[in-house]
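Before any questions on binding or motion, here is one chain by itself as structure tokens, the form predicted on its own.
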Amino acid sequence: MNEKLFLRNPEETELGRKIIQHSIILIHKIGFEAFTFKKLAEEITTTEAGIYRYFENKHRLLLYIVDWYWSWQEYRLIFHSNNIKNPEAKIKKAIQLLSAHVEDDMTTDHINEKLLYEIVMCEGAKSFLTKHVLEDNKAKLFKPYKDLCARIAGFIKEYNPKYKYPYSLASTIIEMAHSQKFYMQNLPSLTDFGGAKDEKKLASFLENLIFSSIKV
């Protein structure tokens, strides 16, 4: 994780891990706007000053957990595509992972990936839709998301080296996978998919979209 995201690495202490664990739970419960360090401090029986020793502000904390999610997704993609040679199969695997329902990974005790996924789906854009986005980008605070985009773009370039827009398509697919899932849960008139059982249909839609664009 980018050291500019935090003042003290939360992974190194029990309190730091509790801050991450319960910030995810609380943001998921009440939303990022209503979330404050005061409420988090009350949740974990510590002081606001104690939390401020780890994070400069709540936006930095949001960036931290969103970056953690994108790093985790890239790790999953690397793990599941490592032995795949066919670029078409790699792209399909990426789409499958992006469109599938996320469950909590029990190997990470202090991070609930299911809740974190839902935060990223609903609140993730708030990590970069700010007045200081250029400054944050210069500090490389969005690198995990960019790395995931670059990996998928690499699959696209393997499939069709002549395709002109691999990065644009990669980021579009990632955003579309999340927005369609959000619409399915909250704004159903904006999607043709009706619920969790339609995840395979969503994956088919994304496959159709991407391969129609990049076909040789």
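Fair warning: this is a prediction, and the values are worked out from it, not measured in the lab. Don't overthink the numbering: it's just position in the shown sequence, from 1.
Keep in mind that the form predicted in complex with a further copy of the same chain is not shown, yet the notes after this line are about it.
Undergrad: Considering non-hydrogen atoms and a 4.5 Å limit, which listed residue (S179, N160, T36, T47) is close to a further copy of the same chain in the predicted complex?
TA: Here the answer is residue option S179.
Undergrad: Would you mind picking out the stretch of 71 to 79, 85 to 93, 102 to 110, 138 to 146 that comes within 4.5 angstroms of a further copy of the same chain in the predicted complex, counting non-hydrogen atoms?
TA: So the stretch in question is 138 to 146.
Undergrad: Using heavy atoms only and a 4.5 Å cut-off, decide whether all three of L169, N186 and F205 touch a further copy of the same chain in the predicted complex.
TA: All of them do, each having a heavy atom within 4.5 Å of the partner.
Undergrad: Counting only non-hydrogen atoms and a 4.5 angstroms cut-off, does Y52 reach a further copy of the same chain in the predicted complex?
TA: No - in the predicted complex, heavy atoms of Y52 and a further copy of the same chain never come within 4.5 Å of each other.
Undergrad: Mark H28 yes when one of its heavy atoms lies within 4.5 Å of a heavy atom of a further copy of the same chain in the predicted complex, and no otherwise.
TA: Contact check for H28: yes, within 4.5 Å of a further copy of the same chain in the predicted complex.
Undergrad: Do L209 and a further copy of the same chain share at least one heavy atom pair within 4.5 Å in the predicted complex?
TA: Residue-level check for L209: yes, a contact with a further copy of the same chain.
Undergrad: Would you check, heavy atoms only and a 4.5 Å threshold, whether K126 touches a further copy of the same chain in the predicted complex?
TA: So K126 counts as contacting a further copy of the same chain.
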